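For this one, two forms of the same chain are given in structure tokens, first as structure 1 and then as structure 2.
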Structure 1
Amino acid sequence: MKSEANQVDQTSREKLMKSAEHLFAERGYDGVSVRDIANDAGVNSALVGYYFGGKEGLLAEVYTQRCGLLRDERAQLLAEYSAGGKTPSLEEVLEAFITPSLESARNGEGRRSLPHIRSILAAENSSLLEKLVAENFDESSKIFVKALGKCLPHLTHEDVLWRFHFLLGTIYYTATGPHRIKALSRGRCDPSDPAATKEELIPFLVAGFTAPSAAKGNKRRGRGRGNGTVKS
């Protein structure tokens, strides 16, 4: 009897998460109520509070689950490129980071929902988004920043962080705004094709990451300014 009750609990929990993910991606966080989610899942609305502590807790659980899959896939690819004590190349580090993101934009409703939920939260509740991103990605991001730094000894740590920031913006927009380039190219450029996107994106990112240090350029430009002082 106890195992049957546990199975029912797990099924209700999974139904709530599936409905929440679908509705949040479709209507946004603010546009969905606890009752909407429970009705879609076919369970009692009180279970949202029981399992997740409320709507925000439910969103956090959905987001964390999807982020965990993304982190695991990135870590697995990086481990494959690092097998046998090998130091992965810049191209390999970038490929390990971006491939799961590009695949998530195409494969499966659940995987596609993550960038949409993130985009909606950026507009509706940026403080909640920042909290969720920090909780789910700060540690894994540090691993990739370190790996990128090993490939780019000519750059300062701040240079690498800036370029990693631009990398995040690039893959985020590629996942959430593919319609723009499809419209401009009349369908010839299609970000929903991960292989074709990587062929274009990785050389672009390599060129950006391997560019000369901006800090050195700022110092040179600073000598021509009025007070002649430069802070590094």
Structure 2
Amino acid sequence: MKSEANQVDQTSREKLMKSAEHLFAERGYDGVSVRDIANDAGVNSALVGYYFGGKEGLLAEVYTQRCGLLRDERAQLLAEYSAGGKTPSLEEVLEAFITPSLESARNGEGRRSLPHIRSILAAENSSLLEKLVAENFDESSKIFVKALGKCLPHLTHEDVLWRFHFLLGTIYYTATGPHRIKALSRGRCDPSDPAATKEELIPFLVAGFTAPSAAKGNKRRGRGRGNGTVKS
């Protein structure tokens, strides 16, 4: 009965993290005070210092934990699509990468708070966060870039990286700036609906990724416009 993630009987530490995640995602880092967080959590503000060493430590803890969950969900989906040694299709790789970031639902109220937090930090506290991002995602990203490359032998490694970058843009913007398109479409396009978003995003990305290589002179093999076959 004293298991780690008990919902009804949360420790103050857990309450703080939960409230922090929620409020940071909603109002940014500087937009929320330690008092706000403590108040929302129903605990004393001094505990932030006690448990996390300060506001920044709390943020790092929240971010790192959430990153871990997202990373694991992605990895698990990719593993499912790779079951029995089969090579996942482009759609499947994209789906494994995208789905968990659209609906980090499985974990309580996590929602799409992570991209939110990430974008907030990129804006407000980039120096602190750049390390966290690298620590938490570089390895995972490399795995997905590799998987994408396997599906797209006609592309150079740089092409794949560029398109992976564009993919990240669509995800982050979907999570952080859904208002514009919702307004422009008078509510008919809703990026906060994961199913609807995926239905539009996946075909868009599949086509984009499948486009011919854009590398100047295509240096896939020596030079010339070496097309197809090779690599690993």
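Start at 1 and count along the sequence of structure 1; that gives the residue numbers used here. If you're wondering where the values come from, they're calculated on a predicted model, not measured in any experiment. Under this definition, the rigid core comprises the largest set of C-alpha atoms superposing within 1.5 Å between the forms.
_Number assigned to the form predicted together with the DNA in this pair_ = Answer to the question: structure 2 is the form predicted together with the DNA, whereas structure 1 comes from elsewhere.
*Core-aligned CA displacement of residue 54 at least 2 Å between structures 1 and 2*: Superposed on the core, residue 54 moves its C-alpha 2 Å or more between structures 1 and 2.
*Rigid core fitted, then: does residue 190 show a CA shift of 2 angstroms or greater between structures 1 and 2?*
Shift at residue 190: below 2 Å after core fit.
*asked:* Does residue 29 shift between structures 1 and 2 by 2 angstroms or more at the C-alpha, the core having been superposed?
replied: Residue 29 C-alpha, core-superposed: shift of 2 Å or more.
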